[in-house]
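Coming up is one lone chain in structure tokens, specifically the form predicted on its own.
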């Protein structure tokens, strides 16, 4: 699968997000709809952005008992999005149930990826708050292999871990990597970050970029810069 840049639509309402997308003219970037926008506007915002011609990563990070997740994924499968996710920490049974719910009667489905550890998590907070004592890269690899064995298409991980995920899961096992910043950007609340060019070199398949594009003085130019650094050879 070709590399691509996913723009995180971290806006609070429909007007803000549509005004932002209008700045791109005929360009139709792959976009991520997260919890804030989805909870504010509901399924209709997904439908409207899809009708505009964008690919959509619906980033709701499901994590519940297998039966609940299966039913929720069945609903999401009807929304014509291109990628959805869940937490790998929900166990193999939950991930397998998610796949059953997501797969349509004709056998098609969106890509399903698992969150390993959030890029805002570091070793200290993982040990202190989650009581997980193993090295964070070892934890990420274990979650990635578990997700692959459950039949998922890939994982969300830090770009610092993308190369190792491919070593563990194979070239076709996708890595979707937030925590990407330009070299001259502030890191914000991300603790494990990398530039688009570095992410390409280490093997990321998709990078998720929010504020460096959405808060840029010229979002279209910032997006073009990401494409140049990450997608173009």
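Residue numbers count along the first chain shown, from 1. What you are looking at is a predicted structure, and each value in this text was computed from that prediction instead of being measured.
Unshown form predicted together with cytidine-5'-monophosphate; subsequent notes refer to it.
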item	value
Stretch in contact in the model of the complex with cytidine-5'-monophosphate, which is absent here, among 43 to 51, 166 to 174, 22 to 30, 204 to 212 (heavy atoms within 4.5 Å)	204 to 212
Interface membership of residue 16, cytidine-5'-monophosphate in the model of the complex, 4.5 Å heavy atom rule	no
Partner proximity in the model of the complex: residue 55 to cytidine-5'-monophosphate, non-hydrogen atom cutoff 4.5 Å	no
Any non-hydrogen atom of residue 63 within 4.5 angstroms of cytidine-5'-monophosphate in the model of the complex	no
Contact of residue 156 with cytidine-5'-monophosphate in the model of the complex (heavy atom, 4.5 Å)	yes
Residues of stretch 5 to 24 in contact with cytidine-5'-monophosphate in the model of the complex (4.5 Å, non-hydrogen atom)	8, 10
